[in-house]
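Next up is one chain by itself, shown in structure tokens, the form predicted alone.
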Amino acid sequence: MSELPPVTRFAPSPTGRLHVGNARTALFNWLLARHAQGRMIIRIEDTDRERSRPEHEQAMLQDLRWFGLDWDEGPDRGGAHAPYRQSERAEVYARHFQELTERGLAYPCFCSPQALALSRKAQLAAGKPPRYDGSCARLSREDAARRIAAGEMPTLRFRVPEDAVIEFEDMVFGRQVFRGAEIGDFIIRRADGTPSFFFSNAVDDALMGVTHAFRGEDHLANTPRQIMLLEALGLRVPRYGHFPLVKDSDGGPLSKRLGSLGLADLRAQGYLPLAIANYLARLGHSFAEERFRDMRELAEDFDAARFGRAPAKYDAAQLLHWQKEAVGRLSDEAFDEWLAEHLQAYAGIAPERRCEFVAAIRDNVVLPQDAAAWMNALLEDALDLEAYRDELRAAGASFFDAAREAVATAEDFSAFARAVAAATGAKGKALYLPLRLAFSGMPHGPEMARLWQLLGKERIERRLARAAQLAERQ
């Protein structure tokens, strides 16, 4: 790490909602900055005119705030390096385009996409790495000016010296060496006048004082191009780091196979921000101790040296593990608010009844849908026990009749269970499973003592009667 506090950035394109892969990038940059009391910038890279939308930008910022991230500069906060939308920085880019062109370090390229595609195909067929063949590199300025005056709209390419050697120390992958002959001259301005990613991303990093450009491994090949650009312009080169990408369970790209897996989708399902953060912070990165952490602790314990180099795999079961940990740490009040946000039927229950319900079931809830299932089982009397008819028959109608008689005199569930055991001779699973099925319609769940208290004697007796009816049917 540098001696000065790091300055990181998260620079999304507002072309859709925030995917978990993007959220992971934002989280790592936030952790890197906050670990060393540094700063984080949000920059909107909206040069894709056709797909960028203001509503996407607002939705992404909203998702990030819900996720628990904050930032020091950005389009919503302002700052010393405004503007923070690339669509508003055209003059900045134009000055640097002009400088590179006047110094002969960039030149207009009139090659059509079709011609470039044919050249690429021929190079691949010859077993060579595809790179620009330099067709327009030797055009005189006069010829180029004449073609532009005639209405042609060229791109602008950066000249890459054949003998250039670009070296840098990647924060994750270590020493990296690239050669100019393998890269070729690359486009820095599109034919429509907008900057390419190589250019605007690198220039903005330098001008905004970014010290650490921390991003996915898919950008590793972009880095030598950006280093050459910054050095040519005399701008500061940040320290680069590239962490492994996230794949799905089959090793495919997460964004394509699980395209709906966005922060908004996870939020709608009831996942908590800290659950997602604890999971994503471990995708490719490890902690000295595998325990649940709040955001402050995640930042304190974050270390870029603990990144692996192999692709990380998305595991829904692990996300559920951290969700369970997060839910278990909610106060009763926060748990109640969480369920009310996601379950309209729950929100309509009287507060005192909600309190009793939560006390009974909260240890058995990981997602709101789990609570919905327990609401149907415990707050409604129309239990569907057909799936467990064999278990009810095995216990026998006389078992449930004896249990009904024990309800009236029992002070609590322990006394009730002892009475049923004495009357029927049942014990262990033979005692508790039929009772649990009769109480809740499920073979597992909350403690029976809590169900006893929540349901009340009248409802328990009705449920035992229903179980007895099913048990005696042929």
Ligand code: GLU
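Numbers for residues come from their place in the sequence shown, where the first is 1. Note that the structure is predicted; figures quoted are calculated from it, not measured.
The same protein also has a form predicted in complex with the named molecule, omitted here; what follows describes it.
- Heavy atoms within 4.5 Å of the named molecule in the predicted bound form are found in one stretch of 147-155, 212-220, 338-346, 284-292, which is 212-220.
- Put simply, of Leu451, Ala11, Ala23, Leu464 only one has a heavy atom within 4.5 Å of the named molecule in the predicted bound form, and it is Ala11.
- Between the named molecule and the residues Phe178, Phe307, Phe168, Phe197, the one pair within 4.5 Å by heavy atoms in the predicted bound form involves Phe197.
- Residue contact check for Glu45: one or more of its heavy atoms lie within 4.5 Å of the named molecule in the predicted bound form.
- The shortest heavy atom separation between Asn201 and the named molecule in the predicted bound form is within 4.5 Å.
- Contacts to the named molecule in the predicted bound form (heavy atom within 4.5 Å) from stretch 221-237: none.
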